[in-house]
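First comes one chain, alone, set out as structure tokens in the form predicted on its own.
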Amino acid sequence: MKILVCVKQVPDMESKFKIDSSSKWYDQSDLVYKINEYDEYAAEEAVRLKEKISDAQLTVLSIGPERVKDVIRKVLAMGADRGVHILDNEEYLKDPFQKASIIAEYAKSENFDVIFTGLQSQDRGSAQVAPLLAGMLDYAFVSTIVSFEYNEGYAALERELEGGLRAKVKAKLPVVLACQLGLNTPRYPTLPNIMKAKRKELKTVNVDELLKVEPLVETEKVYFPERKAGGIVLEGKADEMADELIKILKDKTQVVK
């Protein structure tokens, strides 16, 4: 079995963000980066599947500048066999369609049986790359995965629905799976495995070798929302608050007129 897990490096969401000079993205200097939280669950599930199947090979892939090798090495230390770094210093300018096409271009010759991704990235949150990737490869696709079992050519899954509901589904391989938070408990790489990861294969491919399409969506401007005046909090008895609310609405109506 051949397994692929796609991971992304994102800044710590507690960081203080600044818009860059192009107004297309945030300033990437002086930020602390880490693996996208959703992708960490995808990586753990991919490693667990590899451990259950004796002849399985697990590849971890990430798109971005040189620093994304850090998250690739983390997944190698978790148990992946080999890493693929798609070198792209302007990854943030690519839309989901382009990112999916880059991964698909690499994956189509590898014939992966299962591709794990996170449900979405913490910085963009589009949740579009995984379904686009499945469509490009003509693979089955299941999202919001909260339970996974492999059964002889099929994936037995539970997915999270609205209102706290869950759905049990079965998907025939090959399949792309977008993983939800809480799917598992991601492991911490041990020091011996971190040392072993340094000796594992980590191949770099320039994005120009894989990108064959133009974007369908372009970012025009990134900006912070304007600060607005604070709201009014009414307190007291219900009838008193109702009278006060009516008075406020009448005053606002008169201002508008």
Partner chain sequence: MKALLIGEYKQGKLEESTYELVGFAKQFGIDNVMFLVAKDDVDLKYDSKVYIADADKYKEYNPDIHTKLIEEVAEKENPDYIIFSHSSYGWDMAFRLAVKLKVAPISEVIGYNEGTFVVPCCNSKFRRDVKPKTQKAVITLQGGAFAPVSEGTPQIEKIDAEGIEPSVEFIDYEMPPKTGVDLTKAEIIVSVGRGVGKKENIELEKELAQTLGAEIGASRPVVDSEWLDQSYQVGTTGQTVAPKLYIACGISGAIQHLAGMKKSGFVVAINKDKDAPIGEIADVFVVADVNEFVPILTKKLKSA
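Each form is matched to the other, and the largest set of C-alpha atoms that superpose within 1.5 Å is called the rigid core. Residue numbers count along the first chain shown, from 1. Just so it is clear, the structure is predicted and the values come from calculations on it, not from any experiment.
Unshown form predicted together with its partner chain; subsequent notes refer to it.
- Within 4.5 Å of its partner chain in the predicted bound form, a heavy atom is found for every one of L132, R166 and Y223.
- In the predicted bound form, none of the heavy atoms of P65 sits within 4.5 Å of a heavy atom of its partner chain.
- Within this chain, L119 lines the site of its partner chain in the predicted bound form, having a heavy atom no more than 4.5 Å away.
- When its partner chain is considered in the predicted bound form, Y26 lines it closely, a heavy atom lying within 4.5 Å.
- Contact annotation: D208 falls outside 4.5 Å of its partner chain in the predicted bound form, judged by heavy atom distances.
- Residues within 4.5 angstroms of its partner chain in the predicted bound form, judged by any non-hydrogen atom, belong to 167-175 and to none of the other stretches in 167-175, 103-111, 67-75, 80-88.
- Taking its partner chain as it sits in the predicted bound form, the stretch 127-154 comes within 4.5 angstroms of it through a non-hydrogen atom at A127, Q128, P131, L132, A134, G135, M136, D138, Y139, A140, F141, V142, S143, T144.
- Core-superposed comparison between the shown form and the other one: the Cα of E235 travels 2 Å or more.
- Annotation: Cα of K247 displaced by at least 2 Å between the shown form and the other one, core superposition.
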